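Two versions of one and the same chain are coming, encoded as structure tokens; call them structure 1 and structure 2.
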Structure 1
């Protein structure tokens, strides 16, 4: 069959400009994700009183359905599907096309062009994509996808319209188990009865967590996918979202330049990694940066960056495992100026703090709700740091989820400077910044203990340091005011500031 060249299934399309609605009840939007085959329709279901996220795909009649099954079986026989993934999208598509033409010929089947296109969409979806959820994966607006087992609908979290139920449901436990195996395979990991928990990263950077249970009594396997936002939020966007104030960003900019050690704490999904990525914009352009993560989330707009992702071993002997601990130890040999650890959980913390003690700046996150709990976590098993080592931390930033005027937001709640960690585990602190929920305002004071440390180390006078602070604050505020939020633009102007401060200020009209 000719004409398939026009099938552009692999090409990502621009995200549509979706309207906002004051009332959920009024939402009714439809947009293409893989045109002209698959669309998303989001609307209010009056009967069920909830928002529905409907994946619309081409309908197949009975005959087409049968042919599709024949084609899928045939393709599985003639090509090694795992081999396909090594190839480029274009060559995979032509491979699938050749094979299906061959099978159609052999079976002496003829299909109309229209049917052929529809069938090919499904072949593409199932062999190259992620089957029933491929359209959802392609939807720019979807942040999270979750499946709680069979016979309950998959739900999504949408950037604009938030939580919704979808029309995708797994009814067959075996099919769902196969799908979880596929997710594991795609993340280069392995699930089985013996190792039923999957924690991995898909090739596009999305994070997958899944459980593999096939007992008839359970609801079956489950999975959640947190989609990788390829373009991370910039510091200016965080001002825009009212997550933090320009003052605290100017403060962090100085801290980052002078290689302070910063730890971001908060609950699950409170925005720790997002803040970490935003602060990384302030790393001087020529500095050497090493990052270490369990699953790939970070995205830094810089050249001097060595990203590392840990790997779980396969099988009982854990063959090929590379842990955060191994990576971190190795990374110090690469002699980085900055070490970024996506999330500190266990013994790798010890290596990290030792690295800080020997002069490498560090930026990391840890799951904890407050400074007290973080110190406790660092000083007790499995981490077991001594108070002297914990003392090397300069600053703890606390992120939190908050509902402000009925809207879900993320807030940088507090920035806490560690003056001293006492032998009993208590800490003497200074709080230069906090968010006050009562008036939803940020409070900042220039009396900073870390500023004093920076002055001592760098020889800057108080006046010079405060001048720097003020200039950076003006620059950040001007970017915000002019709505300059784009990833590369923000990074460029920060880099320019490092190279030629006056040129950067002049470019924004801040130098008369």
Structure 2
């Protein structure tokens, strides 16, 4: 098979436009993740009465299965691990293809071109990719992948259709243990019976947590992967999802330009990081941004951006650890205009609020449900902050899960402006925007405390500020109306507005 051209299995494909459905029972979609070999089929299973996420891969007959096993054994014997670690994806694929061709010749095996392509797909999947879950990892819409042990289906969290069981099941405990070892190797970590818990980051930035021994988890080894999102949702897509309204985005645009301090709160997977990414679109293009995360999720199309990612340490002494606290302390010596912290959990909160107090505009998230729970989290261990430090915040945005017309969704529940926080933790607030679940609509009040602060700092009159608000609202709504959601295009138009407002409005036919 020397004449067969090199396969481009590593080439990423664009995310498809998946339809939304009023009822889960009507969902039946199929899309490619590694064309033309691997597809995802999501459908309602009437017998199980639930949504199923099915990975479709090439079927091998008995002879092809035997040849695949011979190829895998042969490649394991001759493969150069250092080569796989150092070279590019294209080089690795070419190397794997040459190795498989050599083994086929040595074993005097003849296969058709169609069979060869199928066999090579599995070789790629198991040696270069992540075995049975490679297709799931390549699915743009999957946020989380969870394996609860042997003889239990892997579950995924899908961006649009949420929690689903898959048809991927590990039935052999040794095979699952080997895969957890592979995850550890890919993360640059080590896992064993002596150190059976893995916490690491895969080369693509995805966060992996796994257990190795049955003494830890009775169903055998487990793993959970939180995928790194290479292309986050744009602000316009959040309007399309009805996560928030154009008015709320125009409000946040003004806040971001005028360096307000914003804290996004909510429960697990409520959309905090998604909103964080969307608000980052509104940072002025010339501003210097420093971001700090424990798992790389931010993606800002800008040159003047310094992304930092924390690193867990090795062994009992956590040798080589670089914490969020360490990174945040260092960030303020890097002269940032904006500091973005992926999530506040511990002592880094003190540094963050001190940075806000010294004039560095900050944007972050925290697990909480309201302003009251934010204050309680900040004043109790391990954070231990004085409640009055919360006064440096301008706005708290509350994200929440919601069921609307039987469909699970995410909503920006409230925008809360901080007027005053007393030493006893009691707070005086103003809510200019809120979501009403009764009619699934967003409401707003004209009175904004933060707008008054912006007018005092900038010298803008109320009329000038409201005109800016209206122009930005019109621009955002026009992008939504025209379905302009592409990542770079949205950022280009927002950046153009900063540089030449009239040119941006003229481009969309909005110049009065």
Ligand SMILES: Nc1ncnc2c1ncn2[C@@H]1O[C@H](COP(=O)(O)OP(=O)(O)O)[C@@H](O)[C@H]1O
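Positions refer to the first chain, counted from 1. Predicted, not measured: the structure shown is a model, and the values here were computed from it. Under this definition, the rigid core comprises the largest set of C-alpha atoms superposing within 1.5 Å between the forms.
J.: Pick the form predicted on its own out of these two and give me its number.
T.: Form predicted on its own: structure 2.
J.: Once the core is superposed between structures 1 and 2, does residue 69 show a C-alpha displacement of at least 2 Å?
T.: Comparing forms between structures 1 and 2, the residue 69 CA shifts at least 2 Å.
J.: Take the rigid core as the frame of reference and indicate whether the C-alpha of residue 498 shifts by 2 Å or more between structures 1 and 2.
T.: Moves: no, less than 2 Å.
J.: Comparing between structures 1 and 2 on the rigid core, is the C-alpha shift at residue 240 2 Å or larger?
T.: For residue 240, whose C-alpha is compared between structures 1 and 2 after core superposition, the shift is less than 2 Å.
J.: Once you lay the two forms on top of each other by their rigid core, how far has the C-alpha of residue 161 moved between structures 1 and 2, in Å?
T.: Displacement of the C-alpha, rigid core superposed: 5.0 Å.
J.: When the rigid core is overlaid, by how much has the CA of residue 139 moved between structures 1 and 2, in Å to one decimal?
T.: On core superposition, this C-alpha lies 3.1 Å from its counterpart.
J.: How many angstrom apart are the two C-alpha positions of residue 108 between structures 1 and 2, if you fit on the rigid core?
T.: Looking at the C-alpha of residue 108 between structures 1 and 2, the offset is 8.6 Å.
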